[in-house]
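Coming up is one lone chain in structure tokens, specifically the form predicted on its own.
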Amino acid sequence: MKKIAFFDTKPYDRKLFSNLSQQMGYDITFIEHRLTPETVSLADGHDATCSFVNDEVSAPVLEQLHKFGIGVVLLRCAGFDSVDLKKAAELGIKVLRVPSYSPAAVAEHAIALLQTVNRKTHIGYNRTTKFNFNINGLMGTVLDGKTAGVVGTGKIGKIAARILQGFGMNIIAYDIYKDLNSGLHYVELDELLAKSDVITLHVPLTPENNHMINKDSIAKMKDGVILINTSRGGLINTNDLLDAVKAGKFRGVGLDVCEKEHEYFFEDRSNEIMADDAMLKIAGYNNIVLTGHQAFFTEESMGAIAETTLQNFKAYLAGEKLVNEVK
């Protein structure tokens, strides 16, 4: 029976993957720790590893996996920025991901963040739990007739654009790979930054777009803009963002990701002293709403992730075409 070392697992991973893996004849070792150079030894004796968004599939990790005879890294996520793809190619290690599990889930969460920071429902809820029904300070803005800038027009970005159109918003889009059959109105990034009342990010993190939202790009935005990020934390320079929030640049910011999330996300840190100043500031501003990388987290998404991940392994073992390989 082929064995897979699953890193950074939670109870919902065990529930979803256990039954399916047994049906397909695979033995899964569920490991709570993230995959790092310090924990990679736990993969010894397995035929594959399976990683999530905050695992570190770096060159040293890949070299160790190669020594263990592991030829495939399974990613139970769409993003692959955690993997040193150059080193994987050098070692002949295949990297297989889940490119699309439920784009609607992520797009819908982005809109939920938008509505929350705009209409301040998080603040209103906290007040009413204490029987404070004062609405002073909770004023939002009507989205109908405003302009939404969608950065990245893959499956998630297109669905987000469609939902925003349903609000009556004017949609402009930016992508280095334009889908000219989509009906979207594409503009250059600087124009999108300057004209948008709402900006929502739906692009993968690459070396080229790391910190694409920084003090210079923020300066090009309208005062009172709303910024939403459900993609990757590295798209935004956190310190530049916080400086702009402090200066009153943003009406609101909705984040499902952040730069240092691998140190905190998917774990309960409520009983610890938070020493990270940036995280303290993010949590402290009323016009920033942070969720813990949960945009994907729906029943439909998790089912699709489990199915595709194990089908990827099946295709690898059978020597079939690897349609979800990252090169």
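Each residue number is its position in the shown sequence, starting from 1. Note that the structure is a prediction, hence the values are computed from the model and not measured. Here the rigid core means the biggest group of C-alpha atoms that line up within 1.5 Å when the two forms are laid on top of each other.
One more form of this protein exists, namely the form predicted in complex with a small molecule; it is left out here, but the text below deals with it.
- Using a 4.5 angstroms limit between non-hydrogen atoms, Ala244 is distant from the small molecule in the predicted bound form.
- Although the partner is absent from this view, Glu191 stays clear of the small molecule in the predicted bound form, with no non-hydrogen atom inside 4.5 angstroms.
- For Arg232, a non-hydrogen atom is located within 4.5 Å of the small molecule in the predicted bound form, even though that partner is not displayed.
- Remark: Gly71 does not count among the residues lining the small molecule in the predicted bound form, judged by a heavy atom distance of 4.5 Å or less.
- Checked against the small molecule in the predicted bound form, the candidates Lys195, Arg251, Lys146, Lys155 yield a single residue with a heavy atom inside 4.5 Å, and that residue is Lys155.
- By the 4.5 Å heavy atom rule, the three marked residues Phe167, Ile228 and Leu290 all fail to count as contacting the small molecule in the predicted bound form.
- Judged by heavy atoms within 4.5 Å of the small molecule in the predicted bound form, the contact stretch among the candidates 126-134, 173-181, 82-90, 236-244 is 173-181.
- Comparing the forms between the shown form and the other one, the C-alpha position of Asp81 differs by 2 angstroms or more, with the core used for superposition.
- The Cα position of Phe265 differs by less than 2 Å between the shown form and the other one after fitting on the rigid core.
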